[in-house]
Structures are given as structure tokens and as C-alpha cells.
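Take a look at this one chain, the form predicted on its own, written out in C-alpha cells.
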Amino acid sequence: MSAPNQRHSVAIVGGGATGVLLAAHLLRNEEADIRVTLIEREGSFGRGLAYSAVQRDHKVNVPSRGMSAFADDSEHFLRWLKAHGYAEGNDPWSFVARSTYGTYLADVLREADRARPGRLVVLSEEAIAVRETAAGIETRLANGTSVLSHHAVLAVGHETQPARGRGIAVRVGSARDTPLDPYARVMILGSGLSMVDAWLSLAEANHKGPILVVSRNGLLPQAHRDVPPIEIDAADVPFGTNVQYFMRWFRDLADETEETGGDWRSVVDGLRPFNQRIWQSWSEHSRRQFLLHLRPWWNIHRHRLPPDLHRRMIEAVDQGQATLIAGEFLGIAQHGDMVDATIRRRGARDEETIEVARVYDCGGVSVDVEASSNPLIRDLVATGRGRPDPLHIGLDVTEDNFVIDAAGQPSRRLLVAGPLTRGRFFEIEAIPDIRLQCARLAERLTGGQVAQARRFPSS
């Protein structure tokens, strides 16, 4: 077991985007006498689920000008792109490959280590449990050792839920995603950003066969457009109202903006600084209504596609290669090399069974933490040291990100960062939101002694 010395120590579990950003923000403060241990079971730091995609067309869905690791240094990512010879560095409106952004995050971590030598330890190990002690918090590893620190932060990011249909459906890029007959008919469950990834993988393999896209609403993500956000005064935002009232206000504002020559995207982006406050002002009933009825509509407008990918997707639909089906997926059965997928189209009474060569499950990454495959999260819930949030879309945390146990008591040592806090903050999926949360956590964990923060160079 490694024990903390007098230097304040923080263990971060998860070496994807959230973990790397938090480590970089902690080490960025020259005034903080701190030691950071970053634990990642995959041994690859900065990539995680989001930025491990290798295809060039798998791009981030935020323009480069919004992807800096540091909110107070908005040019950091663009400088890095230029320094490393990427043409996108000259275009703030570019959308880079996700693999490129993963490389950037790995460089951010390396530069943080170089700037504060001896302060960062990285471990390629799996964390399986945490226990608070009199001296701090113990993070137990699968290899039988432990890391003892003053605080620990869970930053494990997104977790992919098991594919539906008793394992018959396939996740894109998994071991079971083997080559297909290029003229075979396939079905994709879900029509969000994950569906676009599946479609791009098929396109890269020069797939010619029909692609059926089935989702409850049959909606495609909208395209980005380079328009500025409108300015919205907090006094004009109807905090604390019900979802129906809020959506009427939102639609009226979007209509007024477009009637004067503006764009609805300016309204969505102008609302972004208030999104977390809006979510927290709603009752639990309103939040459930939003998740059940409005989230798909919100997602396609809020989480948009790079313009070129959206254009290609629309062309595939217009040319008949991809067909959007609004309906409910009911079940799946294997027979020989083929699959029977049963659906019910929206508005229809009868079920419909369609024979396809493969079903891709792209229904998203949210998973009930009680069904998590992560041993640390399972242990937290099983022992009562943590609990799901009321909506079961993440862990229950305080406003300051401390884990809340089964008795409703907040931890003094264990915090959570990133998508696992979506029940409290909801809008905590994209880099612009995660980096702000990490900056606040870093300030809190370093005692608020943030003087002039060091800006890491971009080389």
C-alpha cells in the first residue's frame, strides 16, 4: 500500500478525457503542493471510449475552437494543432478526428507531468473498491495493492451497456463486428451519434446494401452551423417551471430568433451556460418527463453533427441506402447466419419481422449504475457507500461532487467527475462542460489557493 505524505494527494480513477483533464487542472496550479495518481485499467491515457475511434471520419462534434482543455485558454487546442502540423489548426470551425483529440489529451497529460516533475504517477491497473480511512481514502487495485490518498475522484466516463437481444445484436467495433457481405441488409438500433459511427464504419468498408435505422422517433442529429449564440439574460429564463411551460418558452424564443433572420442553433447555444441550472431547478417529475418524452428531440438539436458528415448522412437517406424507421424494437432471434428483428412502426398495431444479416445496437451509452460492469461502482452500490441518483442515470452526488451514500450522507473523501454526475448536472457529456467541472474540482481540492495558473505550452 502506498501512503500519502504531507503533500496533498489525489487519486483519480479513470484515465479517459475526464480523468486527464482533472489531473491537468490539478497540476496546473503552481501554488498547490499536490501529488496526483491517475489509475486507468486500459493503460491508454486520454482516449477512453469517446476518443479511441481510429477511423478518420469519426470526428468530434464540437468545433476546434471549443475543444481546448482549459476554458480560460481557448486557443490551447488550436495552438497544439498548428504545432503538430494539422491543417485544422488554421480553422477554428474545423471538426477533428476523435483519434486526433485523444492524442492531444495524452499530450496535455505529458506536458502537465513535465511542468510539475515528480507530482504525477500513472498506473495501468484496475481499481476495484474504495474505503475511507482515518487518514484518507484507500483505492484498492485488482493486483492486490492499494493507493492511499487524501481524496479520490471517480472519473470513469461513459460505460456502454450490453447489446440487446441476448447478445445477438452487435456493438460497432467489437470483436463480433466481423466483415459483412457488402450487399447484405443490416439494421441499426438508435438514430443518434452512435448510429452515425456505425454508418461511417459501414461506409468505410464500402458497404452497398440497405441499412435500416430504427429508433423511437426516427430523428437524425441536426448539423452544426457557424452562427454565434444569442445573449440570454438569466432573469428571462423560466427556472423552476414545469417542462411544458419551459418548452413553450424555448420554442417561442427560437421562432422569434428565426423570424428576425437568426438561427435556432443560436438559441440552443445561448442557453448552454444555464443548462445545468435549468435541470436542477426542475422537480424530479419534470426531469423524468424530459427524459421520457423530450430527450431525443433535445439531443438531435443539442448534440449536432459536423456539416460534412450530416450532408453525407442525408445523401444516404435521399438515395435510399439508409432508411429511417420510427418505431419500437421488440426482439431478435438468430437463425443460421441471418437474424430476425421484430419491430412495431410508430402508429401501427401489428408487429413486423425483418430478416437482416446483422443488427447493430447503437442505443447510447447511459447505463443504470446498479447494472454497471465496473467493479468499483458495483462495490460502491453493493456496500451502500454510494447510491444511484433518483433517475438511475448516474451516481448520486452533492452540488460539490461528493458521493452520497445509501443513508443519504455525503462522503468527505470520495468525489465523482464527468458523465457519472449526469443525474445532478445532466449537461456533463461534452468537453466544454467537463473542463469547467474539472477546473472547479481542482480549485476545491487544492484548497482554493489558485493564484496565477500556469498555462502549459502547446508543444
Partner chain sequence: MGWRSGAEPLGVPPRHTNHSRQMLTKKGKYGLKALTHLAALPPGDLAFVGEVARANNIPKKFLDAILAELRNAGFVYSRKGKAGGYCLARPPEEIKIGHVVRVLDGPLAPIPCASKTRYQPCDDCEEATCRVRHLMLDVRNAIAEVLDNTSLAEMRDAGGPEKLVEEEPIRA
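Positions refer to the first chain, counted from 1. Fair warning: this is a prediction, and the values are worked out from it, not measured in the lab.
In what follows, reference is made to the form predicted in complex with its partner chain, a form of this protein that is not presented.
Exactly one of the stretches 376 to 384, 201 to 209, 117 to 125, 235 to 243 approaches its partner chain in the predicted bound form with heavy atoms within 4.5 Å, and it is 235 to 243. Listed residues S281, T103, S74, Q334 were compared with its partner chain in the predicted bound form; S281 is the one with a heavy atom within 4.5 Å. Interface residue among A254, I343, L81, V172 relative to its partner chain in the predicted bound form, by the heavy atom within 4.5 Å criterion: A254. Contact check for Q222: a non-hydrogen atom falls within 4.5 Å of its partner chain in the predicted bound form. Heavy atoms of D177 never reach within 4.5 Å of its partner chain in the predicted bound form, leaving it off the interface. With a 4.5 Å cutoff on heavy atoms, A129 does not count as touching its partner chain in the predicted bound form; it lies far away. Interface residue remark: A371 is not counted as part of the site for its partner chain in the predicted bound form, having no heavy atom within 4.5 Å. Relative to its partner chain in the predicted bound form, residues F250, E259 and W264 are all within 4.5 Å by at least one heavy atom.
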